[in-house]
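Let's start with one chain on its own, the form predicted alone, as structure tokens.
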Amino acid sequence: MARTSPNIVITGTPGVGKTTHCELLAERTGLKHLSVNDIVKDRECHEGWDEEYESWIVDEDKLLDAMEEQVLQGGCILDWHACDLFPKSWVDLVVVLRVDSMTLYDRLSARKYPEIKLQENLDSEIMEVLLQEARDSYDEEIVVELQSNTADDMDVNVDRIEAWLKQWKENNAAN
């Protein structure tokens, strides 16, 4: 059965504004915001806690099983710092949020990230790791890179994604 609403992945390094974008997009479009971090925690899709990085060690198979039924229905915004684990068949648009390194440093420092985690995330952003991951995992035409340095950037980004959603629905209405 064809989906009547698309699934959108919002990804990027921690601190780029994924959750804020997802919450606003869900509010404005009626799509369902799925925080993958919450699913990992609430549905126990992990193998324990990593003390050094202060994060869950994700069991990707359990995670995908926990998400599959809802995502296959469509209309989901998947909010996570990675995207390559989601099957291509689940995903209609991948938005990779980017931020300049000074802004990212300030945001992660404010979150009290451990130094090793802060440095790894800064390196990831500088080296465009998540952007490359998205480009390697999905068709080029569904991967979009957007800047997320300011509140104005976020508003423009959400407007752009809303316009894409409207076009997707028009293009898929006949299916």
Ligand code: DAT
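All values derive from a computational prediction rather than experimental measurement. Throughout, we count residues from 1 along the sequence that is shown.
Quick note: we don't show the form predicted together with the named molecule, though the next part is all about it.
Residue contact with the named molecule in the predicted complex: Ala163 places no heavy atom within 4.5 Å of it.
The closest heavy atom approach of Ser109 to the named molecule in the predicted complex falls outside 4.5 Å. Interface membership of Asn149, defined by any non-hydrogen atom within 4.5 Å of the named molecule in the predicted complex, is confirmed. Residue contact with the named molecule in the predicted complex: Val9 places no heavy atom within 4.5 Å of it. Along 8 to 43, a non-hydrogen atom within 4.5 Å of the named molecule in the predicted complex is carried by Thr13, Pro14, Gly15, Val16, Gly17, Lys18, Thr19, Thr20, His21, in order along the sequence.
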